[in-house]
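Next comes just one chain, in structure tokens: the form predicted alone.
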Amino acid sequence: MTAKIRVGITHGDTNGVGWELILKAFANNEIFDLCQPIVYGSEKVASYYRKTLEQTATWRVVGDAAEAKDGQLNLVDVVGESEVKIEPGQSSPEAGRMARLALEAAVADAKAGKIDVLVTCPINKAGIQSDEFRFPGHTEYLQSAFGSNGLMILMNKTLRVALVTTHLPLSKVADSITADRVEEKLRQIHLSLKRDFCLSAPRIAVLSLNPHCGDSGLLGNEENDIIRPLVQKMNEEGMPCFGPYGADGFFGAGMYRHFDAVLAMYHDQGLAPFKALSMGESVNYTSGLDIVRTSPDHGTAYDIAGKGKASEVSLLQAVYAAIDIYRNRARYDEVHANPLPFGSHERRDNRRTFNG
């Protein structure tokens, strides 16, 4: 019998909607047929939200992820204190601390091979800051933890949007759009589309930095100096890239439907239209890490925290996406593990075949 994929889930900010999402998502026992879920969080916080929101989901506390069992929700209590302060809808250092403890424990277990994929519930980026945590968000923390340069991709069934810059002040974006950085992100997304999504010849659209693609230099030179030459270079190497496109016309005319992914230059340029098109039903994926990591496409939702109004759909989609990507990676890596070398006569034959 094939072992089920072990899905590590962090509870996120304890004053947000994280526990509500978890309790609703795992109230249906059918999901246990797909995976073995292991939540990193606080049993006392879980019990509070279960009672307050009148949820029916149950769990089993395990001392270690290695003790997790199939057919149930497993909980690793990373807080384990007699008293915890819960203030739904409020930012607090306590909620940030509990979010950090869950994240650190899940990452440690991921490195130790105790979980296969990681799904993170939302954190408050300001509330989690402390002497132990100095990162703009999950993405940057995970990049540091795994020693690799991840790529943020927001995705649903029909659209994937990746970002050159992520959590960065707008005043610093232009200086960060360098040829090396854009090329790195293009190569990352191209590999991710092939390895994580099983697309053999993915098409990538590249957005401009400036309005109207710079209007021939009138509104900026990044398009002419950086983006267009890179698009041409990638195509010459056999990577189908197109652009640059002005973001307003690109999304307004529905051009995204013709591409497998879109590379945006900065956070709101790509994510504002993406969320307008699919908010609440999509997934945030960090490609390029040693572990598959996904999360819901929304934040802590303080305005509805503790009120029973949060939808678990995006969390469920994050779990499903993590499982699919994990399987896709395994197949891709198996196929490409030991490629057969071509002999000199075979290379000559191939050139004749493809060039006519």
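In this text, residue numbers run from 1 along the sequence as written. Definition used throughout: the rigid core is the maximal C-alpha set that superposes within 1.5 Å between two forms. This is a predicted model, so every value here is computed, not measured.
The same protein also has a form predicted together with another copy of the chain, omitted here; what follows describes it.
Proximity to another copy of the chain in the model of the complex, taken as heavy atoms within 4.5 Å, picks out 164 to 172 from the listed stretches 234 to 242, 164 to 172, 104 to 112, 71 to 79. The closest non-hydrogen atom of Gly252 lies within 4.5 Å of another copy of the chain in the model of the complex. Not displayed here, another copy of the chain is kept clear of Arg228 by more than 4.5 Å at the level of heavy atoms in the model of the complex. Within this chain, Ser192 is remote from the site of another copy of the chain in the model of the complex, having no heavy atom within 4.5 Å. In the model of the complex, no heavy atom of Pro88 sits within 4.5 Å of another copy of the chain. When another copy of the chain is considered in the model of the complex, only one residue from Arg181, His267, Arg203, Arg187 comes within 4.5 Å through any heavy atom, namely His267. Once the cores line up, the CA of Pro244 ends up 2 angstroms or more apart between this form and the one not shown. Relative to the superposed core, Ile177 undergoes a Cα shift of 2 Å or more between this form and the one not shown.
If you fit the rigid core between this form and the one not shown, you'll see the Cα of Glu104 move by less than 2 angstroms.
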